[in-house]
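The chain below stands alone, shown as C-alpha cells; this is the form predicted on its own.
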C-alpha cells in the first residue's frame, strides 16, 4: 500500500495557522475548527483495485481516468487537493476485509474507491456498512451492493450485474434465436449475469439448453466448447472480462464455432480486449452502457485527453473511473470541500446528474446508475454503437431498504 504524497506540514506551519485562526476569532469572525483545519488538508482517497492478475488492465484504466478528471479540474475537487492511498486487491475476496480495513482504520481515508471483482466488493461493502465509510464502486457489479446490502454511504458509478446482461436476452430472442447455452466463470458476477440474461430471455419464450461454468480465473475452455458444439444451440451467451475474455473469444473462433453459433454477451467480452482478440471478435454483438461512436462533445474530449495522457484508447472501465471522480466532485462541491459534512455530501451524491462520456445518467434510490444500455457490434478495433438496446434502464434493486 502506498501514498502518493506523505502528509506535510511542520510545527511552525501549525503555529502560524493557529495564530491566524485566533486572529480571525479576535476580529469577530468565527471559523469552525474542523472546517478551517480540514480545508488545509488533502482529501484522502483510498484506491482499492486490482493492479496484478486477470483484471490488472481494468484497475489501471479506472485509476487513470479518475486521476484524469481530477487533473482536468486543476488537481482539486471542491477546492481540495487529493492524496491517494493505493492497494492492489489482487482480485482476492479472502483479502478484501483486511485490505479495506487498513485503508479506513490505519490510513484514515475519507473515501474508498473500488473495485473490479464482485467477490472483493462484497467484502468491502460489509466493512463500509459496519464503519459508515464512504464507498464508491467504479466497476464490480455485485447486485447485492445496491440491493439487499444497500446503504446511504455506498454508491456505484458502473452497473449491477443485472443491467448489461438483461437486454441481451431481448436482442437474441428478437433475432429469432430460440435456444441458448450460457458460459461463464463460477463466481458472483458470472452467476448474476447469467441469471439476468436468463430472466429476460426466457420471459420472451427462449429456452436455456445448459448453463456451463468453470472456476475463476481458469481459462481452459476446450472441453466446454466441445460440449457447446454437441448441444447445437441457436446462440451462446457468455460473460468473461480481461485476459479471460481474450482467450475465450479466440478459442471460440479456433474451435470453428464463430460462424456456426452466434456468440454475444455483456460488453465486457470485448471491451479493452479487441486488439488482442483480433479477427476472432469481428461482428460480435454485445450490450453495455458505453461504446465507440457516441458523438457528444464530452465523449470526444474525454477520448482525446485520455489517449493523449495515457497513450491508449479509453474503454468502459475508464469511463466508470472518470465518473467516480465526477460523483465525488459533486459531493465535495456541495459542501465547499468540507468532506466531514457527511450528510450533505451524501445528499448531493444522491441527487447527482452525471454528464458522462457514456451519456447523461442519474442516481437511483439504491445508489446505482439509471442509464442507457447500448447495442454494439465489433468493427475493427471498435465496439461500434448501432442502437440503444434499452433506454434508461434501472436495476430492480431487489431487497434494498435504504435507511
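Residue numbers count along the first chain shown, from 1. These numbers were taken from a predicted model, which means no experiment stands behind them.
There is another form of the same protein, the form predicted in complex with a small molecule; it is not shown, and what comes next is about it.
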Contact stretch among 334-342, 347-355, 363-371, 51-59 - heavy atom within 4.5 Å of the small molecule in the predicted bound form: 51-59
Touches the small molecule in the predicted bound form: residue 141 (any heavy atom, 4.5 Å): yes
Residue 177 within 4.5 Å of the small molecule in the predicted bound form, heavy atoms: no
is_contact(residue 117, the small molecule) in the predicted bound form, heavy atom dist at most 4.5 Å: yes
Close approach of residue 317 to the small molecule in the predicted bound form, 4.5 Å, heavy atom: yes
Heavy atom distance at most 4.5 Å to the small molecule in the predicted bound form, all of 187, 193 and 239: yes
Single option in 159, 155, 172, 290 placed near the small molecule in the predicted bound form, where near means a heavy atom within 4.5 Å: 159
Interface residue in the predicted bound form among 197, 268, 322, 248, criterion: non-hydrogen atom within 4.5 angstroms of the small molecule: 268
